[in-house]
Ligand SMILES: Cc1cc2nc3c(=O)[nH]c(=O)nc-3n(C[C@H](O)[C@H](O)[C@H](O)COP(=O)(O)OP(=O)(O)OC[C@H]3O[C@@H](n4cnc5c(N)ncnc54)[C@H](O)[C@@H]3O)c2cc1C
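Take a look at this single chain in structure tokens; it is the form predicted alone.
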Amino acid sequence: MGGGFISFEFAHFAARLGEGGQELTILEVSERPLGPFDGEMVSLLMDASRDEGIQVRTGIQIAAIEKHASGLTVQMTGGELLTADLVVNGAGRVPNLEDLALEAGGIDHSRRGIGVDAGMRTSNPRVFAVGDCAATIQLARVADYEGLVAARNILAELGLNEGARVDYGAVPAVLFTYPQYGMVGMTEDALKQQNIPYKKIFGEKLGWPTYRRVGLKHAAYKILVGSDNRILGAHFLSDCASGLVNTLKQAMLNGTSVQDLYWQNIMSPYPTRESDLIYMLKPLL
């Protein structure tokens, strides 16, 4: 149930258990799964998922789940039934705020979490919120970053430190499927919606030796570059996406141009995935 991080990772995990032949289905209420990710790259990941026996169905409303002696029945709106041995609830998380009496403290919040500014202050300036209780990005290292920003701002009020602000513009994320989907920065859909000019380099079903030697058929990349030749977003389907994403994250934080990033990575150890960056970037030189 659900077409986000949890469901995709569990499905790819289950696809590799036992002797194979498992029938796996992801049921997503929206018109496409993995909403925060790039639509074109998600389509490629769905192709890879189907090759592993994972069916992805969208626009699905679940009415009920019933347990029987032989397993479970998932009833969808409209009457369709799906039988299963196991149902995983991957429909997302909500912050556990009910017992915090936030109204008494004048702290604004919603179902997504506690509202905060760039310094992690809530609507009550004496109260800070970080991590999964805040209405921000729910990732472990983002929570660490927010905690550090909040601590620095608390110390700044005491005259013991300079203040800090959170910048979510270069937050990396990795979806641990196979191939992994790693991204940082903006999606192409978001750039179009915000009318931000960009250049795009894209490749799919890569036949480079780094992937051919491990038999990975669904490797792909998309790098989005602004008019100033700085990275706006980067997306990778790879067996080792984290190193690629972290390299592009550092380039975004440092304001590195595409030209400089190319030269800085020529000597990346071969045949790592990072060594392929020069092939990706060369068309933009």
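We number the residues from 1 along the sequence you see. Worth saying up front: this structure is predicted, and the values here are computed from it rather than measured.
Separately, the form predicted in complex with the ligand exists; it is not shown, and the next lines address it.
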Answer range among 73-81, 196-204, 125-133, 157-165 for contact with the ligand, defined in the predicted bound form as heavy atoms within 4.5 Å: 125-133
Of Ala91, Leu139, Ala190, Ala151, the only residue with a heavy atom within 4.5 Å of the ligand in the predicted bound form is Leu139
For this chain shown on its own, do Ala48, Trp208 and Leu284 all sit within 4.5 Å of the ligand in the predicted bound form, going by heavy atoms? no
Answer for Ala118 alone: is it within 4.5 Å of the ligand in the predicted bound form, judged on heavy atom distances? no
Should Ala143 be counted as a contact of the ligand in the predicted bound form, where contact means heavy atoms within 4.5 Å? yes
Residue contact check: Phe10 to the ligand in the predicted bound form, 4.5 Å heavy atom: yes
Could you list the residues in 98-121 that come within 4.5 Å of the ligand in the predicted bound form, counting only heavy atoms and keeping sequence order? Leu100
